[in-house]
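There is one chain below, alone, in structure tokens, taken in the form predicted on its own.
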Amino acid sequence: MGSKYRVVPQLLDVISGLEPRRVLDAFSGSGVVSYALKANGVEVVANDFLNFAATIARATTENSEARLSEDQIGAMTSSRLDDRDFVRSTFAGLYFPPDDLAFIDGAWSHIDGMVGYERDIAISSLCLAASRKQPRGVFTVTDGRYDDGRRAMHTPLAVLFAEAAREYNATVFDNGRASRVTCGDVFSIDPDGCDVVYLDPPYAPPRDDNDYIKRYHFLEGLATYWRGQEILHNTMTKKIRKRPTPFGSKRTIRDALRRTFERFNEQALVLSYSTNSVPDETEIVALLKEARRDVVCYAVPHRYHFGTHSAATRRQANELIFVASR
């Protein structure tokens, strides 16, 4: 939901035109923009509010050399180091078959002994495997009603994990720059040394919500083995409690955007936004011009991956790229 994979070429063109030395990707999400910037030789500071998103960015953008060995992958998919059963017991009957849930417990028995980027790759691979097996990749349903026959939905999670780990290994490279990743609120980021800030805040659609935890709560829990997370056991999907964010409401998002623009007042801003969002293009320009002299807007036709079924009337939109400089 909200991934910028399809508009990365246009974003790179815009950001490269600013000739940045260090770019802050303040809402890194899927990590594709940070990784593309790294591939273009840029030093990146990536940040996200969610643990699983920050972990992916560490595995791919901050990491320049570590990989999971075949021995590690083999051990994680074939053995367990203890008899923990938290996932198997907590999520029994939900999402995955018992063997898959038991595999997650076993994988985490290995992850708990890992450190550094190898740990990040292992967690990222576990999240990717779970996302691929779950219908539509979101955890708002607990049954197979959206089973479309895809191979991943009928493949053991251990096999999907091994495949994902090898794919993540293949993304690792060194661009000669020291990128780094943080996990926190956008208002706590120190932009010192960054000359461009890329912003892709959560959208506030007019007739829906932008609740990432509702859709990806299982991945957020999986990235931490649910430590420090409060599971809402009274919910059918065993959601975790949301952390409040001013970007999550149409009532507060305007002020949140204004505060964000003010926080990065010394840097050039590149902002991704969508024509099916609140506030609209005119308001975004007005907010940017409160602190910036020059604001340019580019429109990129974009079909969102999330909600591509035939009834999703709001899936087609223009992706707007705003560039604001002092």
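Residue numbers here begin at 1 and follow the sequence given. Computed from a predicted model, the values in this text were never measured in an experiment.
Heads up, the form predicted in complex with a small molecule isn't pictured, but that's what we're talking about next.
Handout entry: Interface membership of Ser325, the small molecule in the predicted complex, 4.5 Å heavy atom rule
Key = Contact with the small molecule, no.
Practice task
Would you check, heavy atoms only and a 4.5 Å threshold, whether Thr55 touches the small molecule in the predicted complex?
Solution key: Contact with the small molecule, no.
Exercise for the section: Check whether Ser131 has any heavy atom within 4.5 Å of a heavy atom of the small molecule in the predicted complex, and answer yes or no. Expected result: Residue-level check for Ser131: no, no contact with the small molecule.
Problem - 4.5 Å heavy atom contact, Leu50 and the small molecule in the predicted complex - result: Residue-level check for Leu50: yes, a contact with the small molecule.
Practice task
Please state whether every one of the three residues Tyr35, Pro191 and Val197 places a non-hydrogen atom within 4.5 angstroms of the small molecule in the predicted complex.
Solution key: No, because Tyr35, Pro191 and Val197 lack any heavy atom that approaches the small molecule to within 4.5 Å in the predicted complex.
Problem - Interface segment, criterion being heavy atoms within 4.5 Å of the small molecule in the predicted complex, picked from 291 to 299, 261 to 269, 278 to 286, 40 to 48 - result: Going by heavy atoms within 4.5 Å, the stretch is 40 to 48.
Exercise for the section: Go through Gly221, Pro135, Pro201, Gly106 and name the one with a heavy atom inside 4.5 Å of the small molecule in the predicted complex. Expected result: Of Gly221, Pro135, Pro201, Gly106, the residue with a heavy atom within 4.5 Å of the small molecule in the predicted complex is Pro201.
Handout entry: The unique member of Tyr212, Tyr225, Tyr117, Tyr168 whose heavy atoms fall within 4.5 Å of the small molecule in the predicted complex
Key = Among Tyr212, Tyr225, Tyr117, Tyr168, a heavy atom within 4.5 Å of the small molecule in the predicted complex occurs only for Tyr212.
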